[in-house]
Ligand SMILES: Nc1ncnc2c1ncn2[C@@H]1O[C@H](COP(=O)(O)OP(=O)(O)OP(=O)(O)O)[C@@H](O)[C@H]1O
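Only one chain is shown below, in structure tokens, and it's the form predicted on its own.
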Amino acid sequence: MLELRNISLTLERDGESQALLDDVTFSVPTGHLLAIVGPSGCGKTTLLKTIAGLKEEDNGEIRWQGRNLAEDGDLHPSELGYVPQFSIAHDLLTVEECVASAVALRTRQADHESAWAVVEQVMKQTGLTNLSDRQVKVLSGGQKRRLGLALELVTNPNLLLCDEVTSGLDPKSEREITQLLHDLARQNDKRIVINVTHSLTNLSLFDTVLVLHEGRVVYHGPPRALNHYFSVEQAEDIYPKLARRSAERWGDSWARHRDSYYKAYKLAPAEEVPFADAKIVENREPDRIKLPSAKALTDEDESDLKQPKDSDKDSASKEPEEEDSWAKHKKNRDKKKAAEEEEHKKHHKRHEHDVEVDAPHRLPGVFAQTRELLRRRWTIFRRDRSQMWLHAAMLFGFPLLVVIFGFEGVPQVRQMSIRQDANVLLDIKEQIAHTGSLQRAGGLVSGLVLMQVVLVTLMASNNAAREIAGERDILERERLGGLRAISYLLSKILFLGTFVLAQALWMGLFVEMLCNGIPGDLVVKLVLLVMASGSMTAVCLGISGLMRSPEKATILSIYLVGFQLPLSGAVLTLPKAIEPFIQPFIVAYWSWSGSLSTMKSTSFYDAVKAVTNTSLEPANLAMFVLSIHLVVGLTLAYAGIKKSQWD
């Protein structure tokens, strides 16, 4: 059973407190399908997220199967299924691959056969068997909603929360999805299905309907009593009628008449009626109480609502025996509840409650989740032809661009006598020629090294900028289902690390071979290129993790790369006053500076120093600083992954 008691949630906006939920109280028995309806902005999705633990209530308590979630910890991922209203699957995967991935990420199966048995069962349950080989991008709206349900059913959850899963569908598809929810609630007598919807059609398929208005509960009961309670001819007339009165007045009216409706339909808040007998039977008339026919209410009608009454004179009032039985039951229930709460306080602390689940529902280990995420990411990459062509173009095109500028220049510079014999007197003409050669050599070598670094960081930015932000919605849903943040980060490190090594090493080796060797230690230069690429990849991955929009993450990452060239000090020297404050943050500076420092034993070092006044740091210091960039970037990425960014 799910119980909400006096749940309130406020939001500070423009210096004022706005109530999103106001004293929400209701209970839902198992084997039950509940609809939460109400006008736009009334708090339906907020209420669902509060139940799921995505938002924390200010006051009140939520109980699930007798335990207080605030004290005993959130729902275990195997207990909860949450279907958001946005798309929650990768477009390039097939239906079968999506469900199989969900099984691998959320359950432990004894072997491959048992895992596929779950996949087949879930697809059959949601009517997706004939669509198993279709990619998500070609599915219709109704088919995508079925897939969303399938992804949550892999753990056979006892609490299934659905947010607007029928919105935007045609009437036939809406009816089919609602019928599917009805069947899911009936298939498992321990399950509760709650569906948030704006639509008032197909309400007959729900056991009960909860109507919200500006964060307040204004009705909770069977759909067949809706018209009577609101005194309307059709359910579609409820929203206009709600708008004619304040939420406070509607809430007060429901508070006055709630007990009568609960008793009439054997629905009750936990304080009064035991939920062992609270299950609604379809087409069943209320015991002892016959509701009068609907009568339209006017704005001047202070009674607002009609209270159910008996048509039978003998049952107009409770018999003494019923009164005594009711009071006795209420007293025993209160005692039992107080004892349970005391027991919880003694033996439990907040977030220390471990829910016992069977083996298939235990979460896979960190490396099992990492392996599945990595396998899935490579599958998506192979099917994204545009991305593959872009990476190939950068991998081979950028090094070729560097070679164009250094193909003839480096061999010619090597033949120059950069260092002259100090004992030879040079005439003015020879000195001028020597100085010119020195500047050309230094400018060429410095420019080629910097160009490699900047192009490598540009590739790194392209690799990582959209990596997290581009699949944020999927990440949020999978984290709620038990995906560990560390598993997700490890999969990104392994996936992007492949590009870091391939792009940086190929850049260095290709330029080295075709330019007949750029001066300096090749191994150290390659390491610095890899670290520059890795550092920029990590920083851009951190940006991607912190940003909600992939477009914003991409723009910010491009700006970051754009600043590398002017702020490196390789082309224009930075003012000495600000140089110490800027250089620590510039990846290009450290890779460029460390690479040039490896030339100290060659004549080229003098040439480089002749064309730049920027200080050149030793390679070991450059590696250390780039390592810090790498760690900071991954830390930001981890923090972004852990931070909830639901819409």
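The model shown is predicted, which means the values in this text are computed figures rather than measured ones. Just count from 1 along the sequence shown to find any residue number.
There is also a form predicted in complex with this ligand; it is not shown, and the following applies to it.
Student: Within 4.5 Å, heavy atoms only: does residue 63 come near this ligand in the predicted complex?
Tutor: No, residue 63 sits far enough from this ligand in the predicted complex that none of its heavy atoms falls within 4.5 Å.
Student: Hey, in the predicted complex, does residue 109 get a heavy atom within 4.5 angstroms of this ligand?
Tutor: No, no contact at 4.5 Å.
Student: Quick one: is residue 55 in contact with this ligand in the predicted complex, heavy atoms, 4.5 Å cut-off?
Tutor: Taking the distances in the predicted complex, the answer for residue 55 is yes, it comes within 4.5 Å of this ligand.
Student: I'd like to check something about residue 627: if you look in the predicted complex, is any of its heavy atoms closer than or equal to 4.5 Å to a heavy atom of this ligand?
Tutor: No.
Student: I need to confirm a contact call. Of 124, 256, 198, 172, which residue comes within 4.5 Å of this ligand in the predicted complex, counting heavy atoms only?
Tutor: Checking each option against this ligand in the predicted complex, the one that comes within 4.5 Å is 198.
Student: Between the options 46, 27, 614, 597, which residue brings a heavy atom to within 4.5 Å of this ligand in the predicted complex?
Tutor: Filtering the options by heavy-atom distance leaves 46.
Student: When this ligand is placed as it is in the predicted complex, which of 34 to 42, 617 to 625, 63 to 71, 581 to 589 ends up with heavy atoms within 4.5 Å of it?
Tutor: Going through the listed ranges, the match is 34 to 42.
Student: Could you run down 159 to 192 and flag each residue that has a heavy atom within 4.5 Å of this ligand in the predicted complex?
Tutor: Just 164.
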